[in-house]
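Coming up is one lone chain in C-alpha cells, specifically the form predicted alone.
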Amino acid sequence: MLRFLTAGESHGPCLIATIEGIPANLPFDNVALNAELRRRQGGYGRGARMRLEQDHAEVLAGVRHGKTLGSPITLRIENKDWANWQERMSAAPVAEPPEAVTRARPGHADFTGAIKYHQDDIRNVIERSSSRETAARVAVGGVCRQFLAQFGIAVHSHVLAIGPVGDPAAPRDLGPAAWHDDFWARVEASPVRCADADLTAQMIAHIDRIRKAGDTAGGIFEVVATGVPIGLGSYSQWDRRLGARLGQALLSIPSSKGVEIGGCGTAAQPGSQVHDVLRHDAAGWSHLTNNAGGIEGGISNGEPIVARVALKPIPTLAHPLPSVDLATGENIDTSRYERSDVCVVPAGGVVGEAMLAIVLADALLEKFGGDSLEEVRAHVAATSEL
C-alpha cells in the first residue's frame, strides 16, 4: 500500500526520497518534518559532518497548498558538503580522477561492496553505504508520522545502553502507563536521549573515554508506538506478520545487529510469567502486562509496540584496524580513516522511529485502505474491534 525509494550519495549534490501511497488531503507540515531531520543530526558523540550539514527537506512534488495530493511525494535534502566534493564526485568524466580508495575498513561495506559491484575504488561503495542515506529515511518517516498522528498514533525512541553503561535487560513496565509526556520530555532533553539523568552522565563519560582512545561505541535504543489499534498485520503469510516487517525495517538501519520485540529475557522464563493476560471492561480491551511488545500472532494487540535495537560500534576508527589493500592484495597494518562519529546510538533511535512509522503507516493503509484521508477515517470509524 505504501512504498518509498531513496537516492543519492553521501557527498553528492543531494538526497532524494520518493513516497507513494500517502492518501490525498493529509495536512503537510514541513516545519515539523524538518524538526525530525534536526533530531537525527543531534546526540552526543556525533562528528564534524553534522555541524556542517543543516538538513532541510524541500518538497518537489506531491503537495499543494499544505496538503498531499495522493500522488507520489518527492523530497530533496541538500548536501552542503557537496561544495567540497564537486570534482571528486562529478557525474561527468574528469581529466585527472582522484586517487582511488583501496584500503578496506573492517566491519564496513567497503570489502563486500567492492567485490560485489566489481569496483577498484572503494569510494564508489562508501558514498551509498554511508549512514548519510538515513536522512532521507527520516524524511519519509516524518511524513508517515504525520499520517499516523491523524489516528492518535505516536512514535518515540530512547536509549537504554551505550557500551557497558545501562541495563537493557532490567524488568520494566512496557504498558501504556510507562510512556507519558514527562518521560519523553526527559528523553528529548538528554544529550544521549536517555530519560535517566545519572545514566546520561555515565554515558557521556563513556563516550568521552572512547573518543580519547580513538575508538567507537555501540549500544541499544528502544522504539515505542502508542495508540496503535488492534488488527494491524496478519498471521496468514510470513511476510505479512507485523513483527517480521518491523524486524526487517529495524535491521536495515546501518550498524543494526539485533532486534527484540517486547520483554527482555522472555525466552528463559516459563510461559506462565511471559504471556500477557487479557482483560475486558467498559473501556475496552487491555492486557495486564505487555511482554509481547504489542504484537501477538503477527498482529497488533492494542498495547504499545515496543522494540529494542542493538547497534554495533561504527567501523570507522580514529586508530584504524589492520586490513588489506584491495588493489594489491597486501595485508596492511592499518586501514584508513573517514571522518565520522564516535557514537550514533541516540541518532539511531530517531532513524528507528522513522522505520517504525513507515511500517505502521503501511500496515494501517493495508487494513483500512483509502485514497484520501477522509476515506481512511471513514473506514477506521466503521471498523469494530469486537
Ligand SMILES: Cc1cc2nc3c(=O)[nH]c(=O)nc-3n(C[C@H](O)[C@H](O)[C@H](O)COP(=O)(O)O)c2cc1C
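From 1 onward, residues are counted along the sequence shown. Treat the numbers as computed from the prediction; the structure is a model and nothing was measured.
Just so you know, the form predicted together with the named molecule exists too; it's not on screen, but the next bit is about it.
- Between the options Thr200, Ser255, Asn290, Ser300, the residue in contact with the named molecule in the predicted complex by a heavy atom within 4.5 angstroms is Ser255.
- Among Ala178, Ala109, Val274, Ala154, the residue placing a heavy atom within 4.5 Å of the named molecule in the predicted complex is Ala109.
- The named molecule is not shown here, but in the predicted complex it comes within 4.5 Å of a heavy atom of Thr134.
- The shortest heavy atom separation between Ser129 and the named molecule in the predicted complex is within 4.5 Å.
- Although the partner is absent here, Ser323 lies well away from the named molecule in the predicted complex, with no heavy atom inside 4.5 Å.
- Contact check for Ile314: a heavy atom falls within 4.5 Å of the named molecule in the predicted complex.
- None of 343-351, 326-334, 22-30, 55-63 except one has non-hydrogen atoms within 4.5 angstroms of the named molecule in the predicted complex; the exception is 343-351.
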